[in-house]
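One chain comes next, on its own, written out as C-alpha coordinates in the form predicted alone.
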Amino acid sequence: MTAIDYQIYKWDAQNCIRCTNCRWVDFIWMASHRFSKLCPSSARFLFDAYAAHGRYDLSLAIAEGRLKWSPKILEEVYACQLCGACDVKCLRNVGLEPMQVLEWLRQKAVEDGKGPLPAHRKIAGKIAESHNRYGAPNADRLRWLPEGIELAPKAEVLYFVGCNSSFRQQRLARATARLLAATGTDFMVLGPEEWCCGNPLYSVGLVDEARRTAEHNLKAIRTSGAKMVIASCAECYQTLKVTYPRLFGFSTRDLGFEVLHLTEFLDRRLQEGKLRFPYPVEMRVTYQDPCRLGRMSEPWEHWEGRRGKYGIFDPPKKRRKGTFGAYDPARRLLQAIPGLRLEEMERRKDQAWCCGAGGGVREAFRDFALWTARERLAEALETTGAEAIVTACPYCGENFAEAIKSGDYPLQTLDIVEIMAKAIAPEGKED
(Lines give C-alpha, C1' and ligand atoms only; values in the text may rest on other atoms or scores of the structure.)
Protein backbone atom coordinates (compact mmCIF):
# COMPACT_ATOMS: atom_id res chain seq x y z
CA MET A 1 0.00 0.00 0.00
CA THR A 2 1.31 3.47 -0.85
CA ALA A 3 1.88 5.99 1.95
CA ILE A 4 0.43 8.78 -0.18
CA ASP A 5 -3.26 8.90 -1.12
CA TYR A 6 -3.16 9.61 -4.83
CA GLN A 7 -6.84 10.53 -4.91
CA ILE A 8 -6.01 13.61 -2.84
CA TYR A 9 -3.30 14.78 -5.24
CA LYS A 10 -4.85 13.58 -8.48
CA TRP A 11 -6.46 17.01 -8.61
CA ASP A 12 -2.98 18.53 -8.92
CA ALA A 13 -2.10 16.27 -11.85
CA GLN A 14 -5.36 17.07 -13.60
CA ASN A 15 -5.10 20.83 -13.06
CA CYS A 16 -1.41 21.49 -13.70
CA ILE A 17 -1.38 24.25 -16.34
CA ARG A 18 2.00 23.11 -17.74
CA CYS A 19 3.46 26.58 -17.24
CA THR A 20 6.93 24.97 -16.73
CA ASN A 21 7.80 27.34 -13.87
CA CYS A 22 8.85 24.21 -11.99
CA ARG A 23 11.87 23.95 -14.31
CA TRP A 24 13.31 27.43 -13.82
CA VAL A 25 14.83 29.65 -11.18
CA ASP A 26 12.33 32.22 -9.94
CA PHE A 27 12.46 35.19 -12.28
CA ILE A 28 13.21 37.60 -9.45
CA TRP A 29 16.28 35.49 -8.58
CA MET A 30 17.44 34.70 -12.10
CA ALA A 31 20.82 36.31 -12.73
CA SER A 32 21.86 34.73 -16.03
CA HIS A 33 20.63 32.45 -18.77
CA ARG A 34 23.52 30.05 -18.18
CA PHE A 35 22.40 29.23 -14.66
CA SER A 36 18.66 29.78 -14.97
CA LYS A 37 17.44 26.18 -14.77
CA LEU A 38 16.39 24.52 -11.53
CA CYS A 39 15.22 20.97 -12.40
CA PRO A 40 18.23 18.73 -13.15
CA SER A 41 16.32 15.95 -14.91
CA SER A 42 14.47 18.35 -17.19
CA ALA A 43 17.71 20.17 -18.01
CA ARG A 44 19.60 16.95 -18.68
CA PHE A 45 17.05 14.95 -20.68
CA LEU A 46 15.19 17.82 -22.41
CA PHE A 47 11.86 15.99 -22.51
CA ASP A 48 8.65 16.73 -20.62
CA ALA A 49 8.43 13.24 -19.13
CA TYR A 50 11.49 14.15 -17.06
CA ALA A 51 9.85 17.25 -15.57
CA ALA A 52 7.14 17.53 -12.92
CA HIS A 53 4.37 18.33 -15.38
CA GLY A 54 5.27 15.33 -17.55
CA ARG A 55 5.37 13.07 -14.51
CA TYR A 56 1.90 14.35 -13.63
CA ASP A 57 0.75 12.96 -16.99
CA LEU A 58 2.51 9.66 -16.26
CA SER A 59 0.75 9.41 -12.90
CA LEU A 60 -2.68 9.88 -14.45
CA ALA A 61 -2.01 7.29 -17.12
CA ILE A 62 -0.62 4.77 -14.61
CA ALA A 63 -3.47 5.34 -12.13
CA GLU A 64 -6.12 4.99 -14.82
CA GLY A 65 -4.54 1.93 -16.43
CA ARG A 66 -3.86 3.65 -19.74
CA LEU A 67 -0.12 3.08 -19.47
CA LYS A 68 1.77 0.01 -18.31
CA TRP A 69 5.13 0.01 -16.59
CA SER A 70 8.13 -0.36 -18.87
CA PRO A 71 11.88 0.15 -18.45
CA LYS A 72 11.54 3.61 -20.01
CA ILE A 73 8.69 4.63 -17.71
CA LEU A 74 10.69 3.47 -14.70
CA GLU A 75 13.65 5.52 -15.90
CA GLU A 76 11.47 8.61 -16.21
CA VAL A 77 10.17 8.07 -12.68
CA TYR A 78 13.49 7.29 -10.99
CA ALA A 79 15.85 9.61 -12.91
CA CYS A 80 14.95 12.39 -10.50
CA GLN A 81 16.76 13.51 -7.35
CA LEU A 82 13.50 14.38 -5.57
CA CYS A 83 15.30 17.62 -4.78
CA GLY A 84 12.07 19.53 -4.10
CA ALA A 85 12.82 22.39 -6.50
CA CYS A 86 9.63 21.81 -8.50
CA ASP A 87 7.65 21.62 -5.27
CA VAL A 88 8.67 24.99 -3.87
CA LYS A 89 8.25 26.65 -7.25
CA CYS A 90 4.78 25.24 -7.88
CA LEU A 91 3.55 25.82 -4.35
CA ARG A 92 4.44 29.50 -4.64
CA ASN A 93 3.25 30.11 -8.17
CA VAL A 94 0.30 27.79 -8.69
CA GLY A 95 -0.36 26.04 -5.37
CA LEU A 96 0.20 22.42 -6.42
CA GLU A 97 2.42 19.83 -4.73
CA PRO A 98 4.27 17.80 -7.36
CA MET A 99 6.51 16.05 -4.82
CA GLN A 100 3.52 14.16 -3.48
CA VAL A 101 2.88 12.71 -6.93
CA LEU A 102 6.56 12.06 -7.70
CA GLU A 103 6.87 10.04 -4.49
CA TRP A 104 3.55 8.28 -5.14
CA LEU A 105 4.77 7.11 -8.54
CA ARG A 106 7.68 5.31 -6.90
CA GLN A 107 5.47 3.82 -4.22
CA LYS A 108 3.05 2.67 -6.91
CA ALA A 109 5.90 1.07 -8.88
CA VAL A 110 6.87 -0.92 -5.77
CA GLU A 111 3.24 -1.84 -5.05
CA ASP A 112 2.89 -3.14 -8.61
CA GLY A 113 6.07 -5.19 -8.30
CA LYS A 114 8.01 -3.12 -10.84
CA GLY A 115 10.16 -0.96 -8.61
CA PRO A 116 12.57 0.01 -7.32
CA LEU A 117 15.51 -0.41 -9.70
CA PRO A 118 18.15 -3.14 -9.20
CA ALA A 119 20.71 -0.72 -7.76
CA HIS A 120 18.15 0.37 -5.15
CA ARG A 121 17.22 -3.21 -4.30
CA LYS A 122 20.88 -3.96 -3.66
CA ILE A 123 21.12 -1.20 -1.06
CA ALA A 124 17.79 -2.21 0.48
CA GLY A 125 19.14 -5.74 0.88
CA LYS A 126 22.21 -4.44 2.72
CA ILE A 127 20.04 -2.35 5.04
CA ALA A 128 17.79 -5.34 5.77
CA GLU A 129 20.76 -7.57 6.52
CA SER A 130 23.21 -5.21 8.22
CA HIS A 131 21.11 -2.15 9.18
CA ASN A 132 23.33 0.17 7.14
CA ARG A 133 23.51 1.01 3.45
CA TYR A 134 27.05 -0.35 3.02
CA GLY A 135 26.54 -3.87 4.34
CA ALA A 136 29.21 -3.32 7.00
CA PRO A 137 28.94 -4.96 10.43
CA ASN A 138 26.68 -2.63 12.39
CA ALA A 139 28.69 -3.43 15.51
CA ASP A 140 31.43 -1.25 13.96
CA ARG A 141 29.38 1.95 14.09
CA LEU A 142 31.60 3.41 16.80
CA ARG A 143 34.95 2.81 15.12
CA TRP A 144 35.10 6.48 14.09
CA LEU A 145 35.31 7.66 17.70
CA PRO A 146 38.58 9.59 18.23
CA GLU A 147 40.82 9.45 21.26
CA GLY A 148 40.15 12.15 23.80
CA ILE A 149 36.41 12.31 23.15
CA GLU A 150 34.24 10.79 25.85
CA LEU A 151 30.65 9.89 25.13
CA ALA A 152 28.14 10.55 27.86
CA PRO A 153 26.30 7.45 29.07
CA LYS A 154 23.23 9.65 29.44
CA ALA A 155 22.66 13.13 27.99
CA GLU A 156 19.95 15.37 26.65
CA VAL A 157 21.73 15.56 23.28
CA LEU A 158 22.04 12.54 21.00
CA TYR A 159 24.27 12.61 17.92
CA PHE A 160 22.71 10.55 15.11
CA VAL A 161 25.88 9.80 13.16
CA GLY A 162 24.45 8.32 9.95
CA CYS A 163 25.79 5.55 7.73
CA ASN A 164 28.19 7.67 5.69
CA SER A 165 30.03 9.26 8.61
CA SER A 166 30.03 5.98 10.56
CA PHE A 167 31.55 3.85 7.81
CA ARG A 168 32.82 5.93 4.87
CA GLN A 169 33.81 9.49 5.73
CA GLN A 170 34.62 8.91 9.38
CA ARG A 171 36.61 12.13 9.56
CA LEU A 172 33.28 13.98 9.46
CA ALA A 173 32.00 12.17 12.56
CA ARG A 174 35.30 12.85 14.35
CA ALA A 175 35.15 16.54 13.43
CA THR A 176 31.55 16.71 14.62
CA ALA A 177 32.44 15.15 17.96
CA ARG A 178 35.28 17.64 18.45
CA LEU A 179 33.00 20.56 17.61
CA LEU A 180 30.40 19.39 20.11
CA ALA A 181 33.10 18.94 22.73
CA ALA A 182 34.45 22.43 21.99
CA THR A 183 31.07 23.90 22.93
CA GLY A 184 31.01 21.96 26.20
CA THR A 185 28.13 19.79 25.02
CA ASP A 186 27.68 16.40 26.64
CA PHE A 187 26.30 14.02 24.04
CA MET A 188 25.57 10.36 23.53
CA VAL A 189 25.19 8.13 20.48
CA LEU A 190 23.17 5.01 19.79
CA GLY A 191 26.14 3.00 18.53
CA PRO A 192 25.02 -0.36 17.06
CA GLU A 193 21.44 0.49 18.00
CA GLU A 194 21.51 3.19 15.32
CA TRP A 195 20.17 1.83 12.04
CA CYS A 196 20.19 3.50 8.64
CA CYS A 197 17.79 6.43 8.81
CA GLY A 198 15.78 4.87 5.97
CA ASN A 199 16.13 7.62 3.38
CA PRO A 200 17.53 5.18 0.76
CA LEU A 201 14.38 3.12 1.27
CA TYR A 202 11.65 5.74 1.44
CA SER A 203 13.03 7.79 -1.44
CA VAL A 204 12.72 4.86 -3.87
CA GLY A 205 9.23 3.84 -2.77
CA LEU A 206 10.02 1.09 -0.23
CA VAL A 207 7.57 2.38 2.35
CA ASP A 208 7.18 -0.77 4.47
CA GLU A 209 10.94 -1.22 4.75
CA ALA A 210 11.37 2.46 5.65
CA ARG A 211 8.72 2.13 8.36
CA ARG A 212 10.53 -0.81 9.94
CA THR A 213 13.84 1.03 10.25
CA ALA A 214 12.08 4.22 11.37
CA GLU A 215 10.18 2.30 14.05
CA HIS A 216 13.44 0.87 15.39
CA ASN A 217 15.24 4.22 15.44
CA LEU A 218 12.34 6.03 17.05
CA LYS A 219 12.17 3.41 19.80
CA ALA A 220 15.94 3.61 20.37
CA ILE A 221 15.91 7.42 20.53
CA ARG A 222 12.93 7.57 22.87
CA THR A 223 14.40 4.87 25.10
CA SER A 224 17.62 6.90 25.36
CA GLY A 225 15.70 9.81 26.87
CA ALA A 226 17.25 12.31 24.46
CA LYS A 227 15.53 15.67 24.23
CA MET A 228 17.48 16.76 21.15
CA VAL A 229 18.81 14.74 18.20
CA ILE A 230 21.60 16.27 16.13
CA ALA A 231 22.48 15.04 12.63
CA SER A 232 25.48 16.16 10.59
CA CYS A 233 24.00 14.50 7.48
CA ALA A 234 21.26 16.42 5.68
CA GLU A 235 19.52 13.22 4.56
CA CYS A 236 19.38 11.84 8.10
CA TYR A 237 18.20 15.22 9.37
CA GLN A 238 15.31 15.52 6.94
CA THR A 239 14.35 11.87 7.37
CA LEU A 240 14.19 12.11 11.16
CA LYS A 241 12.43 15.46 11.15
CA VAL A 242 10.03 15.09 8.21
CA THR A 243 9.81 11.53 6.88
CA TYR A 244 9.33 9.76 10.22
CA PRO A 245 6.29 11.88 11.13
CA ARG A 246 4.90 11.31 7.63
CA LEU A 247 5.31 7.54 7.92
CA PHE A 248 3.38 7.34 11.19
CA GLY A 249 0.78 10.04 10.67
CA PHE A 250 1.76 12.79 13.10
CA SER A 251 3.46 16.20 13.03
CA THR A 252 7.13 16.98 13.63
CA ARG A 253 6.29 18.68 16.93
CA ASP A 254 4.88 15.35 18.20
CA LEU A 255 8.15 13.43 17.81
CA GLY A 256 8.92 13.88 21.48
CA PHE A 257 12.36 15.34 20.80
CA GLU A 258 13.82 18.20 18.78
CA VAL A 259 15.72 17.43 15.57
CA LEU A 260 18.51 19.82 14.58
CA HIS A 261 21.16 19.76 11.93
CA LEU A 262 24.62 20.30 13.37
CA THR A 263 24.79 23.73 11.71
CA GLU A 264 21.60 24.81 13.49
CA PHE A 265 22.92 23.61 16.84
CA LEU A 266 26.35 25.21 16.45
CA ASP A 267 24.78 28.44 15.23
CA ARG A 268 22.88 28.58 18.52
CA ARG A 269 26.11 28.02 20.42
CA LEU A 270 27.78 30.73 18.35
CA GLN A 271 25.05 33.23 19.26
CA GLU A 272 25.35 32.22 22.93
CA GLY A 273 29.10 32.81 22.89
CA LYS A 274 29.85 29.13 23.54
CA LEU A 275 31.56 28.55 20.20
CA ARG A 276 34.60 30.50 19.04
CA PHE A 277 36.85 30.11 16.01
CA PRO A 278 40.29 31.29 17.19
CA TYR A 279 42.28 30.04 14.20
CA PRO A 280 41.95 31.64 10.76
CA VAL A 281 41.19 29.64 7.64
CA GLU A 282 42.48 31.65 4.69
CA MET A 283 40.27 30.52 1.85
CA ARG A 284 37.61 31.74 -0.56
CA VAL A 285 34.63 29.37 -0.53
CA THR A 286 31.10 29.07 -1.81
CA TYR A 287 28.30 27.21 -0.07
CA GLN A 288 26.09 24.46 -1.48
CA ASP A 289 22.64 24.35 0.13
CA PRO A 290 21.77 20.65 0.53
CA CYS A 291 18.21 20.13 -0.66
CA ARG A 292 17.23 18.19 2.45
CA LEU A 293 18.69 20.77 4.80
CA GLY A 294 17.22 23.69 2.90
CA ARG A 295 13.98 23.74 0.97
CA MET A 296 12.82 20.26 2.09
CA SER A 297 13.46 20.62 5.82
CA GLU A 298 10.47 22.58 7.07
CA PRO A 299 8.57 20.79 9.86
CA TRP A 300 5.89 18.35 8.78
CA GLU A 301 2.29 19.21 9.63
CA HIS A 302 0.04 16.16 9.60
CA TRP A 303 -3.18 16.66 7.65
CA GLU A 304 -6.26 14.54 7.10
CA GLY A 305 -9.23 15.63 5.05
CA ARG A 306 -10.48 15.94 1.50
CA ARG A 307 -10.15 18.13 -1.58
CA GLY A 308 -13.21 20.13 -2.39
CA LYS A 309 -14.21 22.43 -5.23
CA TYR A 310 -11.28 24.13 -6.94
CA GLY A 311 -8.95 21.78 -5.09
CA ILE A 312 -9.50 23.50 -1.75
CA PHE A 313 -8.25 21.47 1.22
CA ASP A 314 -10.89 20.81 3.86
CA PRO A 315 -9.77 21.42 6.59
CA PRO A 316 -7.10 23.90 5.41
CA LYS A 317 -3.65 22.41 4.98
CA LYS A 318 -0.46 24.18 6.01
CA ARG A 319 1.91 24.26 3.03
CA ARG A 320 5.68 23.77 3.11
CA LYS A 321 7.05 26.21 0.55
CA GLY A 322 10.75 26.00 1.40
CA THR A 323 10.82 29.54 2.76
CA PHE A 324 11.91 28.55 6.26
CA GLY A 325 14.56 25.96 5.47
CA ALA A 326 17.87 25.95 7.35
CA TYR A 327 19.74 28.32 5.02
CA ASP A 328 21.34 30.88 7.31
CA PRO A 329 22.95 28.89 10.16
CA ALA A 330 25.71 27.48 7.96
CA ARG A 331 26.35 30.90 6.43
CA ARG A 332 26.63 32.58 9.82
CA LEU A 333 29.09 29.92 10.95
CA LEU A 334 31.26 30.33 7.85
CA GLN A 335 31.19 34.12 8.14
CA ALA A 336 32.36 33.85 11.75
CA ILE A 337 35.58 32.06 10.77
CA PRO A 338 38.47 34.54 10.49
CA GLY A 339 40.13 34.66 7.08
CA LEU A 340 37.30 32.82 5.33
CA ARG A 341 35.57 34.63 2.47
CA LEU A 342 32.13 33.38 1.52
CA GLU A 343 31.04 34.04 -2.06
CA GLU A 344 27.50 33.18 -3.13
CA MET A 345 26.52 31.37 -6.32
CA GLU A 346 23.65 32.66 -8.43
CA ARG A 347 21.37 29.78 -7.46
CA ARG A 348 21.18 29.56 -3.69
CA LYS A 349 18.95 28.85 -0.72
CA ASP A 350 15.52 27.66 -1.93
CA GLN A 351 16.65 28.29 -5.52
CA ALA A 352 19.78 26.14 -5.21
CA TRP A 353 20.78 23.63 -7.89
CA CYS A 354 20.92 20.08 -6.49
CA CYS A 355 24.29 18.33 -6.05
CA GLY A 356 22.89 15.41 -8.07
CA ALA A 357 23.22 12.56 -5.58
CA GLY A 358 19.77 12.29 -3.98
CA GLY A 359 16.65 10.27 -4.62
CA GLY A 360 18.61 7.13 -5.53
CA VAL A 361 20.06 8.82 -8.64
CA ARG A 362 23.72 8.37 -7.70
CA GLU A 363 23.14 4.64 -7.28
CA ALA A 364 21.08 4.01 -10.42
CA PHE A 365 22.12 6.82 -12.79
CA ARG A 366 25.71 7.68 -11.90
CA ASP A 367 26.37 9.60 -15.15
CA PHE A 368 23.34 11.80 -14.55
CA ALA A 369 24.37 12.40 -10.92
CA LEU A 370 27.86 13.48 -12.00
CA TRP A 371 26.51 15.65 -14.82
CA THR A 372 24.37 17.46 -12.26
CA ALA A 373 27.38 17.93 -9.98
CA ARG A 374 29.49 19.29 -12.84
CA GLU A 375 26.84 21.88 -13.60
CA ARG A 376 27.11 23.08 -10.01
CA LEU A 377 30.92 23.06 -10.06
CA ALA A 378 30.86 25.16 -13.24
CA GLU A 379 28.59 27.67 -11.51
CA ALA A 380 30.90 27.80 -8.49
CA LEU A 381 33.91 28.53 -10.67
CA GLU A 382 32.28 30.94 -13.11
CA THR A 383 30.30 33.02 -10.64
CA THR A 384 32.39 33.01 -7.46
CA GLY A 385 36.01 32.13 -8.20
CA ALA A 386 35.96 29.97 -5.08
CA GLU A 387 38.77 27.64 -4.10
CA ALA A 388 36.34 25.22 -2.49
CA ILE A 389 32.67 24.33 -2.54
CA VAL A 390 31.48 23.73 1.02
CA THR A 391 28.41 21.70 1.84
CA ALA A 392 26.68 20.29 4.91
CA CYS A 393 25.84 16.82 3.62
CA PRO A 394 28.29 13.94 3.12
CA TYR A 395 26.50 12.75 -0.03
CA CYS A 396 26.86 16.16 -1.66
CA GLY A 397 30.54 16.01 -0.80
CA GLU A 398 30.99 12.52 -2.24
CA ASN A 399 29.31 13.40 -5.50
CA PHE A 400 31.24 16.65 -5.91
CA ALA A 401 34.52 14.88 -5.11
CA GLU A 402 33.97 12.29 -7.82
CA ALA A 403 32.93 14.96 -10.34
CA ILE A 404 36.02 17.03 -9.53
CA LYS A 405 38.24 13.98 -9.95
CA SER A 406 36.70 13.10 -13.31
CA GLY A 407 37.04 16.61 -14.79
CA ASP A 408 39.25 19.66 -14.92
CA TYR A 409 37.94 21.61 -11.94
CA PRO A 410 40.51 23.65 -9.98
CA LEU A 411 38.63 23.55 -6.69
CA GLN A 412 38.05 21.17 -3.83
CA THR A 413 34.96 20.12 -1.91
CA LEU A 414 34.81 20.31 1.87
CA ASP A 415 32.19 19.55 4.46
CA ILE A 416 31.44 22.48 6.72
CA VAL A 417 32.50 20.41 9.75
CA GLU A 418 36.00 20.14 8.26
CA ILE A 419 36.27 23.92 7.89
CA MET A 420 35.02 24.54 11.42
CA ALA A 421 37.34 21.88 12.85
CA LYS A 422 40.31 23.72 11.33
CA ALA A 423 39.10 26.93 12.94
CA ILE A 424 38.97 25.49 16.46
CA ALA A 425 42.30 23.57 16.38
CA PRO A 426 45.81 24.60 15.38
CA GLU A 427 46.95 23.47 11.94
CA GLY A 428 48.03 19.84 12.08
CA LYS A 429 46.15 19.13 15.33
CA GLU A 430 42.72 18.52 13.88
CA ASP A 431 41.84 15.05 12.68
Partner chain sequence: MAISKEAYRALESIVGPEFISDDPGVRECYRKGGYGKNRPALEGQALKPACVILPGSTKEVQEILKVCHRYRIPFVPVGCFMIATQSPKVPDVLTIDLKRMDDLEIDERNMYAVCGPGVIYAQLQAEALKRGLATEGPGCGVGATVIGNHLNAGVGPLEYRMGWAQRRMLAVEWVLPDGEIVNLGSAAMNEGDFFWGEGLGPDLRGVLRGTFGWQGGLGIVTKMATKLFPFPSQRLERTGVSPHTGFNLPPDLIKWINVFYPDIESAANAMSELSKAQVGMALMTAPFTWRYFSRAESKEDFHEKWRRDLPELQKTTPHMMRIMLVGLAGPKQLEYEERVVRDVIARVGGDLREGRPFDESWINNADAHRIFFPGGAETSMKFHFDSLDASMELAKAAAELKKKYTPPLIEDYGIPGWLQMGDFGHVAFCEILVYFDPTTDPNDCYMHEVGFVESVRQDLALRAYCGLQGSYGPEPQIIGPHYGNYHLLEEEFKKAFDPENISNPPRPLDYAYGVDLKIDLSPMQGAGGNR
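Only a predicted model underlies this, so the values are computations on that prediction, with no experimental measurement involved. Numbering follows the first chain given and starts at 1.
We do not show the form predicted in complex with its partner chain, though everything after this point is about it.
Heavy atoms within 4.5 Å of its partner chain in the model of the complex are found in one stretch of 345-353, 219-227, 145-153, 267-275, which is 345-353. Every residue of the trio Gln14, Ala31 and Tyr327 has some heavy atom no more than 4.5 Å from its partner chain in the model of the complex. Mapping the unseen interface onto this chain, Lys422 falls outside it, with no heavy atom inside 4.5 Å of its partner chain in the model of the complex.
Under a 4.5 angstroms non-hydrogen atom cutoff, its partner chain in the model of the complex lacks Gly191 among its neighbouring residues. Using a 4.5 angstroms limit between non-hydrogen atoms, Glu76 touches its partner chain in the model of the complex. In the model of the complex, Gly135 stays away from its partner chain, with no heavy atom inside 4.5 Å. In summary, among the residues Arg332, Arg212, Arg319, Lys114, the only one with a non-hydrogen atom within 4.5 Å of its partner chain in the model of the complex is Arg319. Here is the short version: of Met283, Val242, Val94, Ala124, the single residue with a heavy atom within 4.5 Å of its partner chain in the model of the complex is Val94. Scanning 308-327 for heavy atoms within 4.5 Å of its partner chain in the model of the complex gives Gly308, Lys309, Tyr310, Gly311, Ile312, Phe313, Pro316, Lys317, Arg319, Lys321, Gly322, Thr323, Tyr327 in sequence order.
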